[in-house]
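Shown next as structure tokens: one chain only, the form predicted alone.
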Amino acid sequence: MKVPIWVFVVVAVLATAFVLRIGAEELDQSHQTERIAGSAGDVLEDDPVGRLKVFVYELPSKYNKKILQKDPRCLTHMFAAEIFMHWFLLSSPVRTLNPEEADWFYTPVYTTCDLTPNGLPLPFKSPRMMRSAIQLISSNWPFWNRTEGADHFFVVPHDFGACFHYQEEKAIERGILPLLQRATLVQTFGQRNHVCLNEGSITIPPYAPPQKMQAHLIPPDTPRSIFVYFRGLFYDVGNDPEGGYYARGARASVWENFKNNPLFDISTEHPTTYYEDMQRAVFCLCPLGWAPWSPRLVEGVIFGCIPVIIADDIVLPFADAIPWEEIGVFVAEKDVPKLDTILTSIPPEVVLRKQRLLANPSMKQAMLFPQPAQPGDAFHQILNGLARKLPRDKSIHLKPGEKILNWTAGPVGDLKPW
């Protein structure tokens, strides 16, 4: 059915009125922020120092340093948290050089630093690399064998965490690497009732370059003249030639329903003004891609653009500290065709409160991995998550000779030497 042009004119006028009203009230409240209320605010401001001690295994450089030297692009991609977490821990006051007093053990292995010429991480060697590192620490130190990893944590920022594949169907088929089943996984992937998310995992934000975003900040009183903003793929023809599988069809639905809607500034083009445009937008779409998460979550929070989260059952970063329900808008994947109605129905006072919460510096800090580290940043939120798991039940320690993990389980290809 062809939509008459007058409908778009009316919609454009209404959207402009909404944006102008928000913009006018923003100018009056441009420097106002709001503290996160209740327990979430307390958690956000926790200081983990003094509450836990972490022992960092010293591995041969082939597991980390040499990989990075081979391809320094790993420092800037959205999976780079595994590298920066290692660097942070080396100089952190929670680090202990005495493993006997450690609460946690950390293995610095850069499993995502294997990139295609286009800069996309390949996960295919990751399971072998991880197995090799675990074999090394279990042979050279006694601590892994005491618990089979129950007091160890690993940073696994792949699309589907320790399932090590970027396509969900294949990630589910693989499952989490068997040797990591007792460990605590620190990962960007989070989805309820999913085989690639263990109970007790810590969900973190993807890496977004703090200095680069800082360089693109515009005056905070700039009016938000864009109603809905999105830049990215709607279809992934290379990996999903028939369409519909990528993003479970949600991104395709955004494009088909709103490509000609004046409310929506959406495109596959990625302009040099991308960060500035987000700061001029009221709502920023954060739809799932191959995985439910994306860097847009971080960018939305940093730039005060209300994240519109389109990813059913997503588990969001640091959900006990960041009140996602209060700062974002959740839209079910099946409701994407009603996105314009949903967003225009939100009262301006609700939008303004979300913007005040997004302006809270503590919330922005919690989403970033800055160099050097800062109090309350994502590094410290990870440590807070680990500290809250203490003290542990002594039952995690195995009896002499007891084994739980199956070292020969998993795909045959994973068992090959790395």
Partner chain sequence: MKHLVLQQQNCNTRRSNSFRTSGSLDSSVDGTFKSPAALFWLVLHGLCCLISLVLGFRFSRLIFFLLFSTNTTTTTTTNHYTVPALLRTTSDTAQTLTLQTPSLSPPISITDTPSNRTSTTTTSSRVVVGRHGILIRPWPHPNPVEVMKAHHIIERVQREQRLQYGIKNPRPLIVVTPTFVRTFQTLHLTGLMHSLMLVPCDLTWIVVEAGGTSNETASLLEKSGLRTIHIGFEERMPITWEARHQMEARMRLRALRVVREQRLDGIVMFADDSNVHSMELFDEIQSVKWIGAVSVGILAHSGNSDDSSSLPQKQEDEENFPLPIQGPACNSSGRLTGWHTFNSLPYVGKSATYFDDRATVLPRKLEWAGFVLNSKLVWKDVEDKPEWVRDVDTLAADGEDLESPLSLLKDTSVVEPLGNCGRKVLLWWLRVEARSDSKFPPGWIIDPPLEITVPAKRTPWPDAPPELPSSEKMNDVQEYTVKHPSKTSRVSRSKRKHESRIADVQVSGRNAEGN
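The structure presented is a predicted model; accordingly, all values stated were derived computationally and were not measured. Numbering follows the first chain given and starts at 1.
Another form, the form predicted in complex with its partner chain, is not on view; read the next lines as being about it.
In the predicted complex, T76 stays away from its partner chain, with no heavy atom inside 4.5 Å. In the predicted complex, its partner chain sits within 4.5 Å of a heavy atom belonging to I172.
Using a 4.5 Å cutoff between non-hydrogen atoms, G238 counts as a contact of its partner chain in the predicted complex. Heavy atoms of T341 reach within 4.5 Å of its partner chain in the predicted complex, making it an interface residue. Scanning W141, Y245, W87, F330 against its partner chain in the predicted complex with a 4.5 Å heavy atom cut-off leaves one residue, Y245.
A single residue from the set E256, D320, E326, D71 has any heavy atom within 4.5 angstroms of its partner chain in the predicted complex; that residue is E256. Stretch 345-353 is the answer when you ask which of 345-353, 383-391, 57-65, 366-374 has residues with heavy atoms within 4.5 Å of its partner chain in the predicted complex. Contact residues in stretch 303-325 (any heavy atom within 4.5 Å of its partner chain, taken in the predicted complex) are D312, D313.
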